[in-house]
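Below, in structure tokens: the form predicted on its own, a single chain.
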Amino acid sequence: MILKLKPELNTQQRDLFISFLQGQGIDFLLREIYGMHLCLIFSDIENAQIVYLSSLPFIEEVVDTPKEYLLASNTWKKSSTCFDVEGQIIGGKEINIIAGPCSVESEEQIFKIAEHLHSLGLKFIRGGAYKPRTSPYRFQGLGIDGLKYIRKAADAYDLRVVTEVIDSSLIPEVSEYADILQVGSRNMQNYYFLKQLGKINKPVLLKRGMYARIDEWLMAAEYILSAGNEKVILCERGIRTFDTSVRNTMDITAFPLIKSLSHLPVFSDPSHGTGIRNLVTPLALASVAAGADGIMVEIHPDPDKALSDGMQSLYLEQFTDLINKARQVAAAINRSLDNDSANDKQKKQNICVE
């Protein structure tokens, strides 16, 4: 339940009202959300209390939202969430493309990929510097050197960096180099970690847990939102099922379903969603058709020699083919890819998809 305070309240009136509520023993959060006026957020409140509070002259509107995910719900915020990442709009009519290697392996490798992305007019590069692997004996990433390499390549080719942060202690370090911080599947329900990400002023790309239901995914996003960070991107990356023919099962249903439940932008990761290179392009195109706001794909100059996830990484030529096809699918649903062909002024005025 969310109660909007009247915008004309002065500071003294607001403080008196807050003190009154605290004296009544009612638990709530006070937030200024999505650029709107102040709101009171209640996770647990009785109907009688709602009726009483809504009758007070300080309250403008009562918004009934799903109890588990109030701020992520489109009951509360009906317009799609859009925000700017260094001149690029997330969550607008244009579909964002994020691509790069699973792991940053060398300066030469990441520069070659950055150059290719730039040649296609794309604006986001991904790459892992810290790699949480199933086995402790597999390549764990280059750490700080990997962050420096991808930032240097991004700056050289006017790209924005998306990279995973795997632990609360690494948030300051990763934030220094990344434009968007990614939360991997394993950390989706690391709630203390999500709260810490809610305190920073950087967008967070939240991947769906490999065993997570849609409502659990939205509740994970709620941890970030309720801590104050409104720039959250959901990312479908496939879930574990009984089928062993693919690494994960890509849930295409997630895109229209999320759109019916939430205002948050939702991206697709068909690389992890399938784990098989030849399935990545078809699932990427299906995601665009189903309403995904962005696609994140793993690419590599030589996937057969990749230090991680080579089997699901596209060759650079395959990725170019994916982009050409994705443009056609996007056009068919009256959308476009986010690239240099769009006018910068138009980007800034980009209207969110309803």
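Position 1 is the first residue in the sequence shown; the rest follow in order. Everything numeric in this text was worked out from a predicted model, so none of it was measured.
Although it is not shown, the form predicted together with ligand PEP is what the next lines describe.
- Just one of Gln88, Ser185, Gln109, Gln140 comes within 4.5 Å of ligand PEP in the predicted bound form, counting any heavy atom, and that one is Ser185.
- Checking Arg151, Lys131, His116, Lys259 for any heavy atom within 4.5 Å of ligand PEP in the predicted bound form turns up a single hit: Lys131.
- Per the 4.5 Å heavy atom criterion, ligand PEP in the predicted bound form is contacted by stretch 176 to 184, the sole one of 214 to 222, 249 to 257, 176 to 184, 141 to 149.
- Contact annotation for the candidate site: Glu164, His272 and Glu298 all lie close to ligand PEP in the predicted bound form (heavy atom within 4.5 Å).
- At least one heavy atom of Lys207 is located within 4.5 Å of ligand PEP in the predicted bound form.
- Proximity of Lys123 to ligand PEP in the predicted bound form: non-hydrogen atoms within 4.5 Å are absent; the residue sits far from the partner.
- Heavy atoms of Arg237 reach within 4.5 Å of ligand PEP in the predicted bound form, making it an interface residue.
- Proximity of Ile98 to ligand PEP in the predicted bound form: non-hydrogen atoms within 4.5 Å are absent; the residue sits far from the partner.
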